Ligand SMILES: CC(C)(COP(=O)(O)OP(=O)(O)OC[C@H]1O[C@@H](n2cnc3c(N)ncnc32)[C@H](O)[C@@H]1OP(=O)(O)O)[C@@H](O)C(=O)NCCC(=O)NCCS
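One chain is shown next in structure tokens, namely the form predicted on its own.
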């Protein structure tokens, strides 16, 4: 057994079958690489780590080096995002995923990555592998009435082909409440092309004005009915946009994800405008040291960055 990147002829097609069968067993209307273009797209083999033989990959995980920037305490921390962890169905229960994760920790140390971050409901398994919960997010359940007199829906629009200028404006409009993943406008534009991603903005003549209030819902087979990225001048404008997008897409309720460290004025409005709120760990993390853990616990990673 060895850990390798899937660069040999035949490795990629074999890997995509393992990923599709393991992560989308009920099928999907689009290939798995369309959901994660920045780590599974053509030419992105360096972000895929396979455990197996020279003939075929038996287990897989993505390791995506990124940088946390901004916020307090000061970030500028290099971390690795981990995702698409899967083992070929015929080889499960043999410890291959755990062995691969240990290999990723060694890769992280070799390349100066101070933490590995992943998203999964398999808490017990990842805790055995040295991962634990980091940071917190709030999950607000927003009811979507059929009519809302305070919302003029002619002033909002679903964006289908966002320009680089609009993507840059969207990045600038996100609420800054701590360290987050550095993302370029080009990366943002690519992520917005993931199937089932819906971007709604204010209707305006300039990218900056359009991005003043925006919401992003959905991400491939995940985040269905969930607004996981947004920007707004205040909490009330955000809730209005969430409801407008929910109505436009036919939802009776929408789940809104936010950082836990919102301003008090935002929290007051969201508590009044939502029917339910839950505090939840943002992700699972393995940290190289306490300093990295401190930065991560003050961070918020937006939905399109999760893999």
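For clarity, every value in this text was computed on a predicted model and none was experimentally measured. Numbering follows the first chain given and starts at 1.
Form predicted together with this ligand: not shown, discussed below.
Q: Looking at the partner-bound form in the predicted complex, is residue 94 within 4.5 Å of this ligand by any heavy atom?
A: Close contact exists here: in the predicted complex, residue 94 approaches this ligand to within 4.5 Å, heavy atoms only.
Q: Would residue 98 count as a contact of this ligand in the predicted complex, using a 4.5 angstroms cut-off between non-hydrogen atoms?
A: So residue 98 counts as contacting this ligand.
Q: Heavy atom to heavy atom, is residue 111 within 4.5 Å of this ligand in the predicted complex?
A: Close contact is absent here: in the predicted complex, residue 111 is far from this ligand, nothing within 4.5 Å, heavy atoms only.
Q: Can you tell me if residue 221 lies within 4.5 angstroms of this ligand in the predicted complex, counting non-hydrogen atoms only?
A: Outside the cut-off, so no.
Q: Within 4.5 Å, heavy atoms only, which of 180, 87, 201, 135 is in contact with this ligand in the predicted complex?
A: Flagged contact: 87.
Q: Sort through 168, 122, 157, 144 and report the residue having a heavy atom within 4.5 Å of this ligand in the predicted complex.
A: The residue from 168, 122, 157, 144 that makes the contact is 122.
Q: Please name which of the stretches 185-193, 206-214, 112-120, 135-143 has residues with heavy atoms lying within 4.5 Å of this ligand in the predicted complex.
A: Selected range: 112-120.
Q: Could you run down 125-140 and flag each residue that has a heavy atom within 4.5 Å of this ligand in the predicted complex?
A: 125, 126, 128 sit within 4.5 Å of the partner.
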